[in-house]
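Below you will find one chain, with nothing else, as structure tokens; this is the form predicted alone, and questions on how it binds or moves follow later.
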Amino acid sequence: MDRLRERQGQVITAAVITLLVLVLLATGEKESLVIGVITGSAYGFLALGLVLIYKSSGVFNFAQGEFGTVAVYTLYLLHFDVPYGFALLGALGVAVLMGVVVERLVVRPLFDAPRVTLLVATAGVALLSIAVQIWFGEATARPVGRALPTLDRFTVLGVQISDQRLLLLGALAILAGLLAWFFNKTNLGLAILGSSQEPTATELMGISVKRLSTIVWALAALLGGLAGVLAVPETGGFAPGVLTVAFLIPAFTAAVLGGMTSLPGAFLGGVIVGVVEAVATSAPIFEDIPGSPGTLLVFVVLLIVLVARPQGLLGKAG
């Protein structure tokens, strides 16, 4: 039965993606398809981190976006003094360090607290991080350079694809595959999953649940950092809390849409959210909708999917 449900989710996902692509091509929204996939890849990075923490501990991490924002700030500051490659590595290192510090100082003391307490604690971390950024850096937009400068490597359906965008897409696809393999095929990945389902039994097996928690938060912070340093340069600049403000809610939506227990689902959910937002922004049929039609259409799609399949496209029931 579990295999049949998994197959059902895969069939539904394939049908949704196929229908979405056909409708966009038939209505002339080719550019929205390409732009949405690229934007959705950034959402997918954050969604992977959200699913990673939720899959291992059942915690919704509202600080996920700030791992990326802090990485972007670090990249911006280091690039003045060191080559871009070293600045990039330093930015990712700071993001991972922040993840470890948050786990040790915030998550671990609340390890046995209700999950809602941890949720509020991570939201507090995000707000504190944004406040510190405003305090030291002021609430002003700052430019940040691309890792790869070529802007017109080639054109797909009328949209120029830069090397930075290719790097973003390639990194996300590779990491999604590696994480799926890690959790299904390695002893450490299986231990992390075991600790989320039966922490007492995991401890009795001689595996430290708290040490596994540190590893998970470090990995999630790395994913958030990658989202920041790869996606934000394409926007031209950043400000305090940029990933929390502009990326976190779409990433949460992507994670729920794909299934909060599915890493491949987070990837696919991010792409779907990006495409839906792009269509709502460019299609004439939505131009009379006040406010943000992209957000409205994303939540309509999410509602339809969850009514038909509450566990998300690739999630598992229960």
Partner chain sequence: MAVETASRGPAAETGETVEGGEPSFRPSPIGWLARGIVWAAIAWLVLIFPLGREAFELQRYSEAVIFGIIGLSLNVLLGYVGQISLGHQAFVGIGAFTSAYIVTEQNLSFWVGVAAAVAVGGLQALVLGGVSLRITGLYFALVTLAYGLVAEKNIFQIQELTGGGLGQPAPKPKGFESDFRYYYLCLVFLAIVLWVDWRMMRTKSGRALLALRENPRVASTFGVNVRLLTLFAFVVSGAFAGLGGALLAHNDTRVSPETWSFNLALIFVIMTVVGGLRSRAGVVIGSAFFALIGYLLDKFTILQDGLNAIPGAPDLSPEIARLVIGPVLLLLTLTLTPGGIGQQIRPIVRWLTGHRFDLKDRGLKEVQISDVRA
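Since we're looking at a predicted model, the values are computed, not measured. Numbering follows the first chain given and starts at 1.
One more form of this protein should be noted, the form predicted together with its partner chain, which is absent from this view; the next part is about it.
In short, of 181-189, 209-217, 103-111, 86-94 it is 103-111 that has heavy atoms within 4.5 Å of its partner chain in the predicted complex.
Proximity to its partner chain in the predicted complex, defined as a heavy atom within 4.5 Å, singles out one entry of V11, L306, L25, L19, which is L306. Proximity to its partner chain in the predicted complex, taken as a non-hydrogen atom within 4.5 angstroms, holds for one residue of V72, L230, V125, V242, which is V125.
None of the heavy atoms of I174 is located within 4.5 Å of its partner chain in the predicted complex. Shown alone here, V82 lies farther than 4.5 Å from its partner chain in the predicted complex, counting heavy atoms only.
Under a 4.5 angstroms non-hydrogen atom cutoff, its partner chain in the predicted complex has L119 among its neighbouring residues. Proximity of P264 to its partner chain in the predicted complex: non-hydrogen atoms within 4.5 Å are absent; the residue sits far from the partner. With contact defined as any non-hydrogen atom lying within 4.5 angstroms of its partner chain in the predicted complex, the contacting residues in 52-84 are Y54, G58, F60, F62, given in sequence order.
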